[in-house]
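Only one chain comes next, encoded as structure tokens, the form predicted alone.
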Amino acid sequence: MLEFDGLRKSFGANQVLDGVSFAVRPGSMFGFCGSNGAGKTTTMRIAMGLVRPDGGEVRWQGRALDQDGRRRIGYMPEERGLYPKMKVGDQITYFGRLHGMDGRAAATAAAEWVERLGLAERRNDAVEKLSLGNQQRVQLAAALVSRPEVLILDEPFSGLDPLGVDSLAEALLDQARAGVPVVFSSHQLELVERLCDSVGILARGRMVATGTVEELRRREAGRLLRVVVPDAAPDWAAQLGGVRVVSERAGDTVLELTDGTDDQAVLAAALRTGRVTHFAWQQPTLVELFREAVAVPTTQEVAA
């Protein structure tokens, strides 16, 4: 089990982390979500010993992570740590050696990941000659080459085309199937929803929601209503009482109803504006759950 327990960190007067806790089981994939500046990168840097926490600790298999334990982690930083003049194959081999592999084992593993991640034709090219997407693949290969026990990846899908996303996603799923706990941060919430067993949403330095997507959905069950009126008048739902418009596009509207609001009254209002082709309660997407979780509370809510 990989455990983040009560992490706190401030930079001057700015409190970046305020008691961040979550756990990732072996063989599971954890999606770490949050707005820019929420504290995701700081959390990962603490795990890797690059930032010292003010409180709390990160544990792997019940023991606080030390330098030896971190050598068994495959880490992909948000700011890429590649040597631009070095050849792709040599670079990945070098990272394997840094993690304690002997030369032959590192070269063999590097060749495997170069092939698997679609870099075979570029193995003898300097990294600086690659596109940003291919540099991203090299960085991932560097994280995977040592056959890590844990993977911690900061925005690994950033800059990848759809084929690159599919290749990386399959590689990470294979690692999870092999029993490796995988933590990755991403702003691509649809991808997080598709890949991850569980998610954590970080806002203002605190974990505001954790669990499987289904668990988070159940907490919001019965609140979202999708209404499709292809010829609807603009903003037809904005005038309704007890209703908040979550999204509206080309007549496809998602509404959040407060307790006590009559859904049949909403249907009647929709019929007055045009022909209704779809009217049903729906489970919220991770994008909608994220928006709800990170919303800044109003003054009244704070007082309550």
Partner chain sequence: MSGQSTLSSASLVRLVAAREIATRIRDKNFVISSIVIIVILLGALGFQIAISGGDDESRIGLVGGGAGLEQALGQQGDALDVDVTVVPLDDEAAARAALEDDDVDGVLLADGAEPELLVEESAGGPLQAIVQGAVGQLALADRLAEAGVADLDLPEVGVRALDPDAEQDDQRIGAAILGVSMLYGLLILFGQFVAQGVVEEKSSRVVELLLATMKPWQLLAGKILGLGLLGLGQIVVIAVVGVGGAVGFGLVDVPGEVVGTAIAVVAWFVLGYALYASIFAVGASLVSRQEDLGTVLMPTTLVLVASYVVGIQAAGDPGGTLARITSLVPGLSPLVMPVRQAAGDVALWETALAVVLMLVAIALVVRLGGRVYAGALLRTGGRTKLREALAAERA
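Since this is a predicted model, take the numbers as computed values, not measurements. Residue numbers count along the first chain shown, from 1.
From this point on, the text means the form predicted together with the partner chain, which you will not see here.
Put simply, H278 is far from the partner chain in the model of the complex: not one heavy atom of it is within 4.5 Å. At least one heavy atom of R52 is located within 4.5 Å of the partner chain in the model of the complex. Contact check for H99: a non-hydrogen atom falls within 4.5 Å of the partner chain in the model of the complex. Within this chain, G81 lines the site of the partner chain in the model of the complex, having a heavy atom no more than 4.5 Å away. Note on the interface: of 139-147, 163-171, 186-194, 228-236, the segment with non-hydrogen atoms within 4.5 angstroms of the partner chain in the model of the complex is 139-147. The three marked residues, A176, R217 and L255, fail to reach the partner chain in the model of the complex, with no heavy atom of any inside 4.5 Å.
Residue-level contacts in the model of the complex: of L130, A203, M86, A111, one residue has a heavy atom within 4.5 Å of the partner chain, and it is M86.
Contacts with the partner chain in the model of the complex, taken as any heavy atom within 4.5 Å, map within 5-42 to K9 alone.
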